[in-house]
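Consider the single chain below, provided in structure tokens and representing the form predicted alone.
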Amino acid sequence: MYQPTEILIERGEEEAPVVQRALARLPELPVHIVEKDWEQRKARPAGNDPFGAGKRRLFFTRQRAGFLEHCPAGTPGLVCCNYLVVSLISNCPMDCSYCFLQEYLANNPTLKVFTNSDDLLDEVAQVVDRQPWRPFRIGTGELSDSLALDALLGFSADLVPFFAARKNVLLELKTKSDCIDNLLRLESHGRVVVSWSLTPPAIADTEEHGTAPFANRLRAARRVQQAGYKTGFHFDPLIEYPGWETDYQQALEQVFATVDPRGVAWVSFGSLRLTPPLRKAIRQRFPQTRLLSGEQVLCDDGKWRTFQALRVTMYRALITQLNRLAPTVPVYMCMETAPVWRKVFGRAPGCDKDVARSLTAPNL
């Protein structure tokens, strides 16, 4: 289980249910009550790795902005799947070498937990209940792993029943953990997709620090599928290295030797993509990484990606393998251009809604 070094609580939030759950499970930790502007006034942790140190400071505070947002993958020029995101946690107890949070939260000195989950549910209800004819996909895995802290925080007990009661929305809980025990006590009614981000063990073991091993993730996927949940798998980022094709194809084989394809809501693939500041952070924090040794080019959105011809080769190889193993499972690419879609699939979606419909229609 995640072990912070201290707990910080915004004054007035001491009695919030999630705070009380955490305090009961971490009774030995020092607790500090801070003012709501503490984060703006507090300097970053000292040391050579302030971002890593910040992950160990567990900060409970209210979210004063809105929760529901459009996925940032909807960048102009890229095919979008109209995915929506909500965040109850900002920062992650895991520490993948390629994680964009190293740049996005570089000045954030904490792992932040929002105490007002009831406001999140009210906000989502305002949107999805007023449009019962419209299918929605909403995920929680943008700014943190969806389940890595669930044994400590217990947010699944708030989220799963809420979404299970609504017929026009799918909740996606995206994780690299095997923390699924709380889910097994809840009824999803087919409205919750538990998905795993996957790379072959050769990458997971060296680049995805603090995550569950590849085999553990698959065992967890089988357990939640047997409990009535739909599952999903995201091979994102695809990382090119000697032997990548064999390793990724074997990873796909292991997935579908473990779970039933009929219970898989979707599979996605996405290329490694890094902003210049993120590349700098990776070099500083993970000097032994293999991520920066491949063929990468700077693209129009300001991110370095695997050279287009190579990533098309990677997509084609893995989607061909997926179609052999599980031909009925919906598949899509994340943060890719229409020209790449045409090279991989022979066509590009007519509009963003086409992608959204292809993913939600078989699952709602």
Partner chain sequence: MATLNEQARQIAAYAQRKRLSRTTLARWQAWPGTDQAALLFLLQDLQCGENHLKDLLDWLEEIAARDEQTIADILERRELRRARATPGSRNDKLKAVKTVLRKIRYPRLTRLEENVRQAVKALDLGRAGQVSFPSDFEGDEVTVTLTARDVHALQDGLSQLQQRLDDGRFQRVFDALDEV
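Positions refer to the first chain, counted from 1. Quantities reported herein were computed from a predicted structural model and do not represent experimental measurements.
We do not show the form predicted in complex with its partner chain, though everything after this point is about it.
Think of it this way: in the predicted complex, its partner chain has a heavy atom of just one of 246, 107, 168, 289 within 4.5 Å, and the residue is 289. Between its partner chain and the residues 29, 317, 33, 298, the one pair within 4.5 Å by heavy atoms in the predicted complex involves 298.
In the predicted complex, its partner chain sits beyond 4.5 Å of every heavy atom of residue 226.
Although the partner is absent here, residue 55 sits far enough away that none of its heavy atoms falls within 4.5 Å of its partner chain in the predicted complex. At the 4.5 Å threshold, heavy atoms of residue 293 reach its partner chain in the predicted complex.
Shown alone here, residue 343 lies within 4.5 Å of its partner chain in the predicted complex, counting heavy atoms only. The stretch among 47-55, 324-332, 309-317, 61-69 whose residues place heavy atoms within 4.5 Å of its partner chain in the predicted complex is 309-317. For a residue to qualify, one of its non-hydrogen atoms must sit within 4.5 Å of its partner chain in the predicted complex; none of 174, 176 and 214 qualifies. Of the residues in 265-288, those that come within 4.5 Å of its partner chain in the predicted complex through at least one heavy atom are, in sequence order, 279, 283.
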